[in-house]
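Next up: a single chain in structure tokens, the form predicted on its own.
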């Protein structure tokens, strides 16, 4: 069989390697018939898939990603062999598998030390406009943690010098190049996933920009919900909003759209805001939990209540939103949100429709979640409950501090 050459955009081009691997494994091309070539200006030489897609366990793909973060000259072939063997049911020679596991362990170990080194360097700084550092590294783990550095520095520019190569975030794009060549733009999404989940070791309290928190949250894999949901659904709205609304979790529509409160409950919420004289564009809307928890039922996904573990896992993201936005009024929509924010069990009937002073001085208001109104079976009762919900929103609006002249 003729040799197949695959051109990658940079030495850790995981995205193009993965696309080529899916196609070539689907065509049953053995590892020895592929040459992997790195050429920053080369064309994207990715073959078309020739068979139905196949599934690879997350652990296997992570091992491949770890191997690609090593400095092994044949790392692309090794990682391809791992996927090829799993998809075709063939065996990898034990010495080759042991070699992959050894380099993966070295990558993970360096990642642990890297986090500590980066924290130390970022705290020290150098007093210049752009954060600069020089770091020794025996693997490509620093490059794969470019997201980590960017989020921790709240999207501010940075430069990192590494043995034989350098990387830079300009504030708008990521540049990467070998010594002696001009750095070229690369995409964060082209890099292998870090050997350790990004959120592990991420000091969320250091992030000062809301967009950086939102981007970091999209990589979170702490709780099982993140592995099944379509995407992270972070909050949206003004970063200087005087009113912040917190619900329970995204639903099916929100999970697909990637935005909070856009489904049936969200539409009712928008209507109630309008009647209460509140412009949604002037507020910040989010959820206690950032992923959709559900159980499958045929082709449908049935909402399941978020539990203590999910709430605790997402608590740092919600805390970061509150810390950065610093709202005057915090409206808790439903018992899950109220319990998470007040730190105690909450009965809506006893807590709603009154001002509550929170520990940070924010004024809190507890009310029902809009989805509750959709479940009220009686029309007359539904009208009464809706009117009461609007009254709660009007109360919250009246508690806002006046806008400075």
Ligand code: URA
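All values reported here derive from a predicted model rather than from experimental measurement. Numbering follows the first chain given and starts at 1.
This next part talks about the form predicted in complex with this ligand, which is not shown.
You can rule out all but one of 67-75, 110-118, 242-250, 271-279: in the predicted bound form, only 242-250 has residues with a heavy atom within 4.5 Å of this ligand. None of 196, 149, 212, 265 but one reaches within 4.5 angstroms of this ligand in the predicted bound form through a heavy atom, and that residue is 265. Interface residue among 80, 317, 261, 284 relative to this ligand in the predicted bound form, by the heavy atom within 4.5 Å criterion: 261. Residue contact with this ligand in the predicted bound form: residue 369 places a heavy atom within 4.5 Å of it.
Shown alone here, residue 143 lies farther than 4.5 Å from this ligand in the predicted bound form, counting heavy atoms only. Within 4.5 Å of any heavy atom of this ligand in the predicted bound form lies no heavy atom of residue 321. Put simply, residue 310 is far from this ligand in the predicted bound form: not one heavy atom of it is within 4.5 Å.
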